[in-house]
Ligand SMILES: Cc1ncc(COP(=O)(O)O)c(C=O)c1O
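Single chain ahead, by itself, as structure tokens, in the form predicted on its own.
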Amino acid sequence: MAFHLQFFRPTSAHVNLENLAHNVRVLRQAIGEGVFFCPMVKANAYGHGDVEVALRLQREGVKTMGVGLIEEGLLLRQMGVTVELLVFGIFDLQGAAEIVRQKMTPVISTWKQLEFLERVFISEKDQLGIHIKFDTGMHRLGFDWLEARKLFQYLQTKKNIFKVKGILTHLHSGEDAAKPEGKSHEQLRRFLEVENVFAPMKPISHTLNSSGLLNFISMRKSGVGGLPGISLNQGTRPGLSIYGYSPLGQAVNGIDLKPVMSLRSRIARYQELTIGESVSYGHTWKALKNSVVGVVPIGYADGFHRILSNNAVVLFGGQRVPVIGTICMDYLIIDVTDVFSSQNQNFQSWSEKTDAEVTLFGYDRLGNLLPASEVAQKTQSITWEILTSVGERVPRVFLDDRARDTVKVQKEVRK
């Protein structure tokens, strides 16, 4: 049994599942048939809503998806996601038991994880499929790549328990993956030695995050022969790119990515200010002319960071307008004076339009785009953080191919 909370605030994140499907199709077409493709749906699908995103990816024929936590995988299983789920996070003995019970595929980084899985695996008929992660320079998770032969020999003695379905590494600087002198090339050359060791087991090999993937696509499209000694058919684990953004900061020829999320709200109140009047906490902004400002019901508790105070723009009335004053927990204020002037509107006519829409990032109703990547630059952060920061009290509105919006409230109570 479940019940959904009802929302009364006009603030929501619109998630265009058609754009998601488009991004997946163009990426899969670019890498070609037969290349391992594992989109990442961890962290609530980068803030987009993991259940709906995963179900749509499943409809698109995606066979494998990646999660960071066992809990994320459990939720997807409960909500009808049946494809292979790779669990990339750490786990203990109890977690190992749940992974086996829910038929998820663990990504192994330590000898201890192998021990836990062996202790809970009791089938006499089937092997337990696993992927093995190797550290080639990220120095976060994974076996040291120099341990490859030792690990291979150990797993040879455990063939009745483990089936090595895949091996992988993580690029720490995928942005340089097209450069022979880059750090990624050094990592991939190290990983090639791991691949050679594990070749008798015939595992899937996957190395490319979004930045690495887009670099390899660019090389293929430009006719470049690739990096010395490295195949262009590297398995892939795209994250940011399926949600519509390139980590490279520029377009890749033939890859038209469409942002999936649009964060929107509406004007709750207009106010007229005279020269010298100020707004919000600390009065950090002062009107240099007679102005009209709008109060928008979204704030830093919703993921629109306080560092954007006096340092961001939003879309309103088809134009970019500045965020002014200090961003509050639940509200922010924008200067709409220029929109009034350009449309020859007087304050009285606009003060009645308390439902005028504001787009914090993404597409507005007119098709104008304010990229989340631009907001990230203003915060001196990254696009990933902007997307995943959108809070749980912001409901997601999903647009699917049935051309209608469906609202999913993030919090559910089940029993």
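Residue positions are given as counts along the sequence shown, with the first one as 1. Everything numeric here is computed off the predicted structure, so don't read it as measured data.
This next part talks about the form predicted in complex with the ligand, which is not shown.
Inset, instruction - Could you check which residue among 88, 191, 331, 116 gets a heavy atom within 4.5 Å of the ligand in the model of the complex? - result: Only one listed residue qualifies here, and that residue is 88.
Inset, instruction - Work out which of 185, 305, 266, 133 lies within 4.5 Å of the ligand in the model of the complex, going by heavy atoms. - result: The option sitting close enough to the partner is 133.
Legend entry - Non-hydrogen atom contact residue 28 with the ligand in the model of the complex at 4.5 angstroms: Output for residue 28 is no: heavy atoms all beyond 4.5 Å of the ligand.
Legend entry - Partner proximity in the model of the complex: residue 240 to the ligand, non-hydrogen atom cutoff 4.5 Å: Result yes; residue 240 sits at the interface with the ligand in the model of the complex.
Inset, instruction - Please run the contact check for residue 37 against the ligand in the model of the complex: heavy atoms, 4.5 angstroms, yes or no? - result: No, no contact at 4.5 Å.
Legend entry - the ligand contact in the model of the complex: residue 46, any heavy atom under 4.5 Å: Yes, contact at 4.5 Å.
Legend entry - Contact stretch among 204 to 212, 97 to 105, 256 to 264, 155 to 163 - heavy atom within 4.5 Å of the ligand in the model of the complex: Contact criterion met by 204 to 212 only.
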